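One chain follows as structure tokens, the form predicted alone.
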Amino acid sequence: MNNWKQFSINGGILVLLILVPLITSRTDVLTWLYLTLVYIALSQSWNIIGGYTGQINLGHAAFFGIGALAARYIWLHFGLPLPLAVLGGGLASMIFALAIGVLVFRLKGIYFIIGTLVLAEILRLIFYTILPEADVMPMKLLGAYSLVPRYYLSLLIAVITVAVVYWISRSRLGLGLMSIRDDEDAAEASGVDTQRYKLLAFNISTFLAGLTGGIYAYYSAAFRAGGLFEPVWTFDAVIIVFVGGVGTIAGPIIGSVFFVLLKQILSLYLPGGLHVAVFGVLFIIVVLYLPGGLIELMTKFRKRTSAGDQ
């Protein structure tokens, strides 16, 4: 019964999101929802490798950036339909992950974290150097620019990423990933092919990050290639997952809504990007005092409410 209730609620929210552009044409509303959906997709993609597998990848921006550049190039220069271009962005990120995956997973612990961070920084510097000028959307496309198709594409990618994480959480693959997260040595001793499982999680995670980069490339009228590899694309996803709830399905969704809303409010009232410092402090507080994130807080509140009713 609870499953049917949850299914009905989720279905109702999805229908409401589909109807939003028919209800309102306000660009601020559509932009806020678009950004929230992008962060849901990006944080869920990181959640697979960081939340379920326990491998803290601080180079997630590398795969977001590759996906964005590849999708933009395929769309504008090869003239392929946008869905194929976005899919191409996801595949480009996954191919890059396949190429470096075995090498990266030779590193463990802090060395893996530093190695992935350095990887993204190297790509950022390379693309700032070889593509220093802004990539501007052609005037013909700018004249016909509309938020509505970009909103619907972001909704589709967000739904796909959530569906993938849902499947992983209830599959044999998910059990293997969570066993690696809890104790990699014990998982290997019990017969789990840890290297294969980590590579598989890495490839799925990077493919979804590439898809997310693709929808950002479609949304953004202009960007500098190096900016797509900025650490903020990684750290925003990490903060959202930890604040929402690591290794959960709903955590990154709740965290994304909270993050985008709070970011918009703080950026209006705090000068000079001080909202970034606020998120840094919030992240530390959550890690120290609420390791389960907002999901844990909501669960505790629900239990207390149920106990009070009884």
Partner chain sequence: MLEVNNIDVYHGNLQALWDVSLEVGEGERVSLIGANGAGKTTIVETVSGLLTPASGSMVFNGVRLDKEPSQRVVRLGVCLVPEERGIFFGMSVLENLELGAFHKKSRKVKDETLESVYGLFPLLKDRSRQVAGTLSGGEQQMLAIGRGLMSKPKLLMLDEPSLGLAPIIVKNIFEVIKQINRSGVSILLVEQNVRIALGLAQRAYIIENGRIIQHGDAKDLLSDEQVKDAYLGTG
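Just so we're clear, the structure is a prediction, and the values are computed from it rather than from any experiment. Positions refer to the first chain, counted from 1.
Another form exists, predicted together with its partner chain; not displayed. Remarks below refer to it.
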Subject >> Segment that reaches its partner chain in the predicted complex - one of 148-156, 231-239, 192-200, 113-121, heavy atoms within 4.5 Å >> reply: 192-200
Original post:
Given that its partner chain is left out here, which of 164, 178, 82, 91 has a heavy atom within 4.5 Å of it in the predicted complex?
Top reply: 178
**OP:** Name the residue from 87, 204, 104, 187 that puts a heavy atom within 4.5 Å of its partner chain in the predicted complex.
**Re:** 187
Subject >> its partner chain contact in the predicted complex: residue 140, any heavy atom under 4.5 Å >> reply: no
Original post:
Do residue 133 and its partner chain share at least one heavy atom pair within 4.5 Å in the predicted complex?
Top reply: no
Original post:
Quick one: does residue 77 come within 4.5 Å of its partner chain in the predicted complex, counting heavy atoms only?
Top reply: no
